[in-house]
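Below you will find one chain, with nothing else, as structure tokens; this is the form predicted on its own, and questions on how it binds or moves follow later.
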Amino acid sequence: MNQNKMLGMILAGGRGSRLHDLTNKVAKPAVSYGGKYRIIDFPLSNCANSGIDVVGVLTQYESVELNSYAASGGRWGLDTRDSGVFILTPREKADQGLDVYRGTADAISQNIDFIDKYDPEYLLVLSGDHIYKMNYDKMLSYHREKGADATIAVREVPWKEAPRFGIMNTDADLNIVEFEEKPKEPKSNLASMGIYIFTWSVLREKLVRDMADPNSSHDFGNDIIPAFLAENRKLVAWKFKGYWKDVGTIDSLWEANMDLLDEKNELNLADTSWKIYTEDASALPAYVGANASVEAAYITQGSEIDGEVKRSVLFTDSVVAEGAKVIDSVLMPGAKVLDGAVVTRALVANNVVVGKNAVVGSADSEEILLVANNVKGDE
């Protein structure tokens, strides 16, 4: 256990249904991002870089690939004698006989025995499906300085977007006085990031009571946080100002990838002082043919380009064949755009083939097209 005795728990069991076919067979945190990464690399790397050496990953839906990936703690340096990444699956039965976590708080409640084994003073609870860099140790220092029972990371969002989020209303000292879930008329634009630090003894007592409450939905936002406020527990907001993206939709996943093309992008995956760790890809260097045209692109190792690429992100082992055009698009691992095909404002899923001379997507489309199945082209 780290010197500040904080244990991390990553909630990685959501369905990710708004990512449609991308999450039919793969859990959302295992979805690829940024050329060679997976979404869960970010919270796990943040934990490793923050000195948190014991992390529980709570998985549920379509979790086989995620479990295998996250259990290899060596990718993030979390595989020593005193550290590790532990996969925690549900033990409660739903009506249909399946093991489930009934809510975000229930996911922690079902694993109280795991947490108690390490006797932490503080518990860090994270969503496993956001793209960001954060020093949780700084957040913990703030939590301790404030003498808080719970600290919630927040960020200011545009007022027009505030109704999409859980909103924290605070006093001048950032003490949380009210929580509103997706308010139609928000009083604040401080949106919860789904990142919490709790004093474990206080949270543990509340979770035990919550488990026994038949009227509870066993959720942090709906039940635990409101109960803390009703009991006059000390809740404080910690303002975060860096890059943060909830990649819960096809459009937002596309946007997060396209942000990498911005020279002023705050995420900066090349920053060695806060490295995002991932698996080592066994692929050759990227290849750009003599007749290829590449403009404002983010190209990953193993990519092969003989055609035209503009304002696009190419993941490992993607291919743009001769005469093909990829514009304002994202090619995920193994995606292939064959001779003469044109892909515009689209996200092409893993290993999908866009056939010869096929046309997918449109520059005039308001929404990003997900290409999840092979597209037949000319024979």
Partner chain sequence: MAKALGIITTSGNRIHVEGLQAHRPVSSFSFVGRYRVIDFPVSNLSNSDIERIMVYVDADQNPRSLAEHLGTGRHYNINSKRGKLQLVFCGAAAVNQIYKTDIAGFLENFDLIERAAQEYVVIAPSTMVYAQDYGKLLDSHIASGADVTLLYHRVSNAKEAFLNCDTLKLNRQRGVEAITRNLGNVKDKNIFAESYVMKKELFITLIKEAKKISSTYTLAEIVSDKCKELDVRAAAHEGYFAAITDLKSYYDANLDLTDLEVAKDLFRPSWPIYTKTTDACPTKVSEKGSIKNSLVSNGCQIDGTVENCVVGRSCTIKAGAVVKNCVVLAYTTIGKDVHVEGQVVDKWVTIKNTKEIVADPSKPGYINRDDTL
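Residue numbers count along the first chain shown, from 1. Please read these numbers as outputs of a predicted model, since none were measured by experiment.
The form predicted in complex with the partner chain is left out here; the points below concern that form.
Only one of 216-224, 300-308, 190-198, 145-153 lies within 4.5 Å of the partner chain in the predicted complex by heavy atoms, and it is 300-308.
For the three residues Val202, Met211 and Leu235, a heavy atom within 4.5 Å of the partner chain turns up in the predicted complex in no case. Of the residues Asp262, Glu231, Asp82, Asp119, just one reaches the partner chain in the predicted complex with a heavy atom at 4.5 Å or closer; this is Asp262. Among the residues Tyr243, Tyr287, Phe114, Phe86, the one placing a heavy atom within 4.5 Å of the partner chain in the predicted complex is Tyr287. Contact check for Lys275: a non-hydrogen atom falls within 4.5 Å of the partner chain in the predicted complex. A residue is said to contact a partner when one of its heavy atoms sits within 4.5 Å of a partner heavy atom; Asn175 fails this definition for the partner chain in the predicted complex, lying far away. A residue is said to contact a partner when one of its heavy atoms sits within 4.5 Å of a partner heavy atom; Gly34 meets this definition for the partner chain in the predicted complex.
Within 4.5 Å of any heavy atom of the partner chain in the predicted complex lies no heavy atom of Asp171.
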